[in-house]
Structure formats: structure tokens, C-alpha cells
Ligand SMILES: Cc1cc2nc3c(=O)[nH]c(=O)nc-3n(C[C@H](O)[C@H](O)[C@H](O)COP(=O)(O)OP(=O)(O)OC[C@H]3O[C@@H](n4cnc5c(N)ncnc54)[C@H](O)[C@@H]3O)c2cc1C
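Starting off, we have a lone chain in the form predicted on its own, written out as C-alpha cells.
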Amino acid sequence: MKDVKAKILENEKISADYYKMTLDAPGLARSAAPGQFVQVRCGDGLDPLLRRPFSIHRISGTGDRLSCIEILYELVGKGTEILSRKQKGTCIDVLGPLGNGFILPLSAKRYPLSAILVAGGVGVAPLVFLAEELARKKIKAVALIGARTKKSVLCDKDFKDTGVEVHIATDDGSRGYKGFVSGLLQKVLRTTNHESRKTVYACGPQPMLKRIAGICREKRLECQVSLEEEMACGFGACMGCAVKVKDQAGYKLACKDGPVFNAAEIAW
């Protein structure tokens, strides 16, 4: 975990309510893993007082030198509104990488491996980083992206650029499957190849994750979920992001024990 002053290389508006920020942060880029996050101080003073958590969306660099991290964020409140006005060349305070990320499938000789990435809204953010890591390991992946309308679909091109097969679900049917992304998952599972060992990775709103976890339980599929919880400190000091779990611990912290959990571990 490092607390760094990171220079903003880009702060691009990619749709009506979504932005992508690229930060020059070599120390964070070299140590980050898919599913981890950073805590960003949005303002220059004490307002807003608390940092905001953002999944690490991608890491990049020149050649083999990883030097940049990207965050994808939605304009939802005062902190992100301030962040959206930050100019290229200025610096922001970033703490990370934090939390425990996704566990990638191990190679297997007898059974081919594959992954299904399920995203709801801005939940695509950590899954692009994961898709790139799966591609490096030559693990086949399918991405299912859920959004309210076709205008709010995010990152489909980013997934395709990594060689991932992409399916879209929109609530109003304006693009792809009409309905929730959980329904699209059921459809894909009915038509997909069952000879490979599949792991489902999901990130999005809690009701969506609960439905995905239930489908995976019925199909006996391993499922890892990245929880979108409010995090004040990011490293377990404030105890504000407690998640109810099934074991004797009773509760775990999303920032310290997660944000990625085995779906079967959570008391939904």
C-alpha cells in the first residue's frame, strides 16, 4: 500500500455520466492485481473529507514498463463532480492498491478453463483489468454487460480488444438481450459449451450479485463477486464496510477481506 501524488494524464468524459481517468503511478501499476482498488482524495482541502474508492480499471505503460493506472467513475455526487473537473497535468492523492482481488483459475491439463465476466453498470470497471489478465494466461472468457439503455453500455470495445466474446443486456431492450444481465447469464449457460470448467466473476449492484450467486449455486459453478460497498478508510480501520458472511466470523470487511469474495461465503 502506497500513498502517492499521481499526475493526471487524461480525464476523459466517455458518456453523459461516466469518465475515465489515467494516472501516472508506476508504483501502483506494478503492484496492482485485478479486483483491487484505490482510495482517491477528490478535493484539495477537507471538503469532501473522506476519500472515494475506485476499482483499478486497467494498467498500462510503454513496452514492459507498467506506469499508469486507469479508473472508471460515474458522476454521482460531490466527490466525483470535483474529480470530473480535474485538469490534465494536475496531481491527486491516491492510496493503494488496496484489498484482495480476483483469484484466477489455475491451469489444468485434463479440463479446459473458461471464465464468464458479468458486469452491471459501472461494475465493468475491474472486469476489464481481469479480462486482460485472463487473455495473458490464454484463458477463454465471455463478457456479459448489463446496462439501463444502449447509451449506458460501457467498455464493450475494451473487452473485444482483448479477444473476449461480448454479450449485451439492456433493461429496455434497446440493445441486445432485453432484461437483466442475470437473465442473459441463464441464457448463455443454456447454450454454452459444458466441457470446460467455468468460473463466473461478477461486479455490480448488490441485488444483481445476489441473483448471479443464486444462478451459480444452482449450476454448481464457482462464482467470485466484487462488492460495491461504501468505504471510508479503505484498510479496515473504520469498520464501515461490514459484510455479513456465513462462517463463525459473522462479518468481514469489504475493504480488507474483499472487495472480492467467493459468492458462497456471503449471507445474502
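Quick note: we count residues from 1 along the sequence shown, nothing fancier. On a predicted model such as this, the values are computed, not experimentally measured, just so you know.
Only in words, not in the display: the form predicted together with the ligand, which the text now covers.
Contact between Ser55 and the ligand in the model of the complex is found at the 4.5 Å heavy atom cutoff. In the model of the complex, the ligand lies within 4.5 Å of some heavy atom of Thr80.
When contacts are judged by a 4.5 Å heavy atom cut-off, Val76 counts as touching the ligand in the model of the complex. When the ligand is considered in the model of the complex, Ile145 lies well away from it, no heavy atom lying within 4.5 Å. This chain appears without its partner; in the model of the complex, the one residue of Ala141, Val122, Leu130, Leu185 with a heavy atom within 4.5 Å of the ligand is Val122. Looking at the ligand in the model of the complex, residues Gly101, Glu222 and Phe261 place no heavy atom within 4.5 Å of it. Per the 4.5 Å heavy atom criterion, the ligand in the model of the complex is contacted by stretch 67-75, the sole one of 176-184, 132-140, 67-75, 158-166. Along 208-231, a non-hydrogen atom within 4.5 Å of the ligand in the model of the complex is carried by Leu227, Glu228, Glu229, Glu230, Met231, in order along the sequence.
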